[in-house]
Ligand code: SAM
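One chain comes next, on its own, written out as structure tokens in the form predicted alone.
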Amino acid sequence: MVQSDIIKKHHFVFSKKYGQNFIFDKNLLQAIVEDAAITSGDDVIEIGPGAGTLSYMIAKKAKTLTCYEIDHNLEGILQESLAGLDNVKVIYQDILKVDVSQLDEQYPNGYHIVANLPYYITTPIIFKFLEESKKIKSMTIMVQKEVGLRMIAPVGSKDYGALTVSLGYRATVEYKRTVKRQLFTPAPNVDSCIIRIDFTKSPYHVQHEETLQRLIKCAFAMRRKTLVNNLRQEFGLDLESGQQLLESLKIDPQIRGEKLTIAQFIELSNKL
């Protein structure tokens, strides 16, 4: 029985609270697995398996698959959808409450995340693993198209911001494909995209992570203000000291945060 029929059989009602939009198109599901480049030696974590459509295809490729699902109403559906797959485990828990250090211990050789993320918790989930995991190898995620474009935005564009820089100094980000809203059930109001994030060794040397995060946050807090004014507010610098600091790094003292490259963010953070 196909998953769409299993859902009908269980009289499942889609939850707006959990941002549930499922995918049943086999070509798209196959494309996501290919974008994730999953092999038989990989341990994979899926966030929000839903009806198990993507889970089934991942499990056919991966060594192990652990799914985190917040909605207990999907238990019967997932049991039926994933029946016969002995390398799959479903944990009914909010991923945002999971201790990432325990996941790192569980997968000492690293793991991959594949997920069709609910729009309302996309950024918190990404940052949770960015900031807390030392073993994550990659994330292949379906996100709102607008968010995906922010992840890969060029310096100086309207989409370039804290998310772009925070991802850019830690990982390689690739926009894989656009996904039209009509391919979801129920259809959301916007299109989505598949983003692949590879956590390769960073070419940047960050001396103090907290200082860099403060700098990124303040640089984009008030985009119309010059960077030096934002620095004065966040770091307590006077105007002259702020201008001298930027000039010492050959950065225009009148620059706005959105014009600063990732390398310049790192240099300025280290100087601070």
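Residue numbers run from 1 along the displayed sequence. Computed from a predicted structure; not experimentally measured.
From this point on, the text means the form predicted in complex with the named molecule, which you will not see here.
Participant: Quick one: find which of 241 to 249, 226 to 234, 44 to 52, 206 to 214 has residues within 4.5 Å of the named molecule in the predicted complex by heavy atom distance.
Facilitator: Every other range fails; the passing one is 44 to 52.
Participant: Please run the contact check for Ile121 against the named molecule in the predicted complex: heavy atoms, 4.5 angstroms, yes or no?
Facilitator: Residue-level check for Ile121: yes, a contact with the named molecule.
Participant: Is there a non-hydrogen atom of Ser138 within 4.5 angstroms of a non-hydrogen atom of the named molecule in the predicted complex?
Facilitator: Ser138 lies outside the contact set for the named molecule.
Participant: Taking the named molecule as it sits in the predicted complex, is Ile195 in contact with it (heavy atom to heavy atom, 4.5 Å or less)?
Facilitator: Looking in the predicted complex, residue contacts with the named molecule do not include Ile195, since no heavy atom lies within 4.5 Å.
Participant: Answer yes if any heavy atom of Tyr56 is within 4.5 Å of a heavy atom of the named molecule in the predicted complex; otherwise answer no.
Facilitator: No - in the predicted complex, heavy atoms of Tyr56 and the named molecule never come within 4.5 Å of each other.
Participant: Tell me, out of Glu146, Asp94, Glu105, Asp86, which residue has a non-hydrogen atom within 4.5 angstroms of the named molecule in the predicted complex.
Facilitator: Exactly one residue meets the criterion: Asp94.
Participant: Pick from Ile77, Ile126, Leu163, Leu117: which residue has any heavy atom within 4.5 angstroms of the named molecule in the predicted complex?
Facilitator: Looking at Ile77, Ile126, Leu163, Leu117 one by one, just Leu117 meets the 4.5 Å heavy-atom criterion.
Participant: Suppose contact means a heavy atom within 4.5 Å; in the predicted complex, does that hold for all of Gly110, Ile113 and Val173 with the named molecule?
Facilitator: Not a single residue of the candidate spot has a heavy atom within 4.5 Å of the named molecule in the predicted complex.
Participant: What residues in 167 to 188 sit within 4.5 Å of the named molecule in the predicted complex, counting heavy atoms only?
Facilitator: Nothing in this stretch is in contact.
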